[in-house]
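Take a look at this single chain, the form predicted alone, given in structure tokens.
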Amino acid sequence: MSNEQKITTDIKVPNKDLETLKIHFPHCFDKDGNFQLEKFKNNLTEKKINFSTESYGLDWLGKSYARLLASDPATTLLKADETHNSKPENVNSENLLIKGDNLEVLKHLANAYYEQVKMIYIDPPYNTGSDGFVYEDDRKFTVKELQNLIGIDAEKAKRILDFTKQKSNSHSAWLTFMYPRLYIAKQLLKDDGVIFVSIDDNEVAQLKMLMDEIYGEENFVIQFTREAIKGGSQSKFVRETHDFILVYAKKINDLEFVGFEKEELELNLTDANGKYAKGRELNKWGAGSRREDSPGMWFPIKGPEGEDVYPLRNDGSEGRWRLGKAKMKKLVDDGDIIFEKRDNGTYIAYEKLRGNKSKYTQFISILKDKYINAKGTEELKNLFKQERAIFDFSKPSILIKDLLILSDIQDGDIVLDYFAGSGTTGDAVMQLNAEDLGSRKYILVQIPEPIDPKKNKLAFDFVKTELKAEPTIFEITKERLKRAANKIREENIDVPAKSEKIKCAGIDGDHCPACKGEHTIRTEQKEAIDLDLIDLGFKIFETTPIWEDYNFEAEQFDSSQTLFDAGKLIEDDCISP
């Protein structure tokens, strides 16, 4: 192998929109690669298109700088933790924990995992004023450099640079921090992917407008209200007990939620393919149900006699389907649509629910009781064997598990959390895999933020004394994942793979429901879990700076590879996706 240095130093987020323009309108770019808007307008065949300069949107000091950060090349490499990764439980793992600034990490992931992530959950800083959020940026631009890069005047460039250096926690600072991280995350999502963002009152209004801009207002799914605490925190006027989870699809017409399990739905109908239940209407009703609201959802499907059936509304006007062409075609091909004829001869279509689908119903927009922070606190206390939680405001794993179920995360799907905190998302993925022997994968990102001994002495002492590591939140994340995996092993290692005699627990006048009203000794089948089928390990990578005289032997990086294949690519512990 040659000793020649071969490092990719221009790691950038793919820009599909720009590439599309270059493919279809190459003549609208000048020799320096600048897009010429006037030339583009003049080349359009439809001359009646109105290019309005007025629009509704969100603007703030630093927005142009935030856009620069989203497209600016990464300034790091990713280095493998060979000692950790070579351990037996980790060597073949397809889970990842990455240590570093999540903006840098996202730029690496945007190449290796472009449009491969099914679900993102993040719990970013709420910017409450007391949560420690301040905007920090180690990029060093001069006023003139920033002027040239983003096309602003000197006065605005100076104001932006001033606030990036003064550790601000203003709305502008928070939006500048969030914009590039949400923008790049969108590039990672599959077309049927979804992102969940936890937030509270301090920034929910700004976040909603920011998400509308990046993901598109039409891709908004729901704003969950979650009961966070019982009783409420101190307030001058109203005791606040809640926060929110904003949900956006990558492409709303490709998104499919399945919901909670519901045992009482009976498969009371039968056809040639077996038992089924009548499900929801496939014709869209209410707001957004007209053809013009979503033209791509107006198309024919084959009816019961081979005729074309269109989504017509009750008044006979043109409507739209709930599902896209591919999903509707599959339902037709599988015989999973009920066609009911109206008096006017048109059809309403319903989905047939079979098997597991029959057990699901929809979430409601208010999440209560089992989702409160106290459940997450109790989990951490038990997991770390401490009298109080080692990490503040951790979400309960049941919240993430139910969001995984809601999003229909299946074998092979990738779940990303780039504000990993205590590692709840990774814990939830492993728990769900243990329940159904699934092979879902997680990618967690956590910056090695120092633990302040004045604010959390318990965590500081635990990491320093028991873990013998530098007291950072990353070490808490890492330890949580290891302990969560061990808990799953311990809970399942002695489960017998045989029938077990269970004595009725009922007493006179209080019969055991499982005994159907009679005191009996019944047999229950308990199956052992093959722990070898569950990925309970994880690989660790961390960002490391690129410096000018950096010298090592490395094979040329193939950007089509993922970090799960990184072991095949690393010669000297460093890779550059």
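From a predicted model like this one, the values you see are computed outputs, not experimental measurements. We number the residues from 1 along the sequence you see.
Separately, the form predicted in complex with a small molecule exists; it is not shown, and the next lines address it.
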- Could you tell me which of 95 to 103, 162 to 170, 462 to 470, 201 to 209 sits within 4.5 Å of the small molecule in the predicted bound form, going by non-hydrogen atoms? 95 to 103
- Of these, P311, G421, G193, G426, which has a heavy atom no more than 4.5 Å from the small molecule in the predicted bound form? G421
- Task: Note which of I252, A228, A80, I447 lies within 4.5 Å of the small molecule in the predicted bound form, where distance is taken over heavy atoms; exactly one does.
- Result: I447
- Query: Would R181 sit within 4.5 Å of the small molecule in the predicted bound form, counting heavy atoms only?
  - Reply: yes
- Query: Any chance F391 has a heavy atom within 4.5 Å of the small molecule in the predicted bound form?
  - Reply: yes
- Task: Classify D243 as contacting or not contacting the small molecule in the predicted bound form by the rule of any non-hydrogen atom within 4.5 angstroms, answering yes or no.
- Result: no
- Message: Would you classify Y121 as touching the small molecule in the predicted bound form, given a 4.5 Å non-hydrogen atom cut-off?
- Response: yes
